[in-house]
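Take a look at this one chain, the form predicted alone, written out in structure tokens.
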């Protein structure tokens, strides 16, 4: 059965959607099949063409139940559910179905205060710094703040996903043929953390990040049928 990863958190603007797509793209680069599940009613579905992962629209309660059931039935797949901000009750529901929960946060005191509350609310969740500064002194200041405020949760904080202007490409309606190598490498690194946490075997890692964007192994007919059913 597929594993379900939920990217949630009460605060908006922390990069949940960007992280969800980076993880899915990275999984494709690692040879792992995945589907990115949209639940935020303020966002529109993206075109699946040229991506290394499938997309599913689950913006209604009924659709979410059906999509989770579909994904669960896909052997050796991953379902990455993109949550939304300020939806505590939805976060609780997603936490209940998830095998792994990620709580993105940025380097602001407001984000850190919010992620502390979320870490308390969801004791199995991991916090992941996102859109993290690359400037040396800004990064040092951010790390100092995290060290001071998140010290009790140090074993539940993952490596940061650094800010990349190219990450916006993943959220375009239509994605271009290829990705910049730094973005592909960042996607791969983020996905590797999830692979390690879930202890997933990797059999077909793409040795050339950023070259091409098609699904490494086309889904079998039954999976294509499931995709069509999900889209419907």
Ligand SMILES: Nc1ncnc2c1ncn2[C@@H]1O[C@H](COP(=O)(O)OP(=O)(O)OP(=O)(O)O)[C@@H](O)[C@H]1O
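Positions refer to the first chain, counted from 1. Quantities reported herein were computed from a predicted structural model and do not represent experimental measurements.
What comes next is about the form predicted together with this ligand, which is not displayed.
Shown alone, this chain has one stretch from 163-171, 65-73, 187-195, 29-37 that lies within 4.5 Å of this ligand in the model of the complex by heavy atoms: 163-171.
For the chain shown alone, residue 43 is a contact residue for this ligand in the model of the complex, at least one non-hydrogen atom being within 4.5 angstroms. Proximity of residue 85 to this ligand in the model of the complex: non-hydrogen atoms within 4.5 Å are present. Within 4.5 Å of some heavy atom of this ligand in the model of the complex lies at least one heavy atom of residue 131. Along 13-28, a non-hydrogen atom within 4.5 Å of this ligand in the model of the complex is carried by 13, 14, 15, 16, 17, 18, in order along the sequence.
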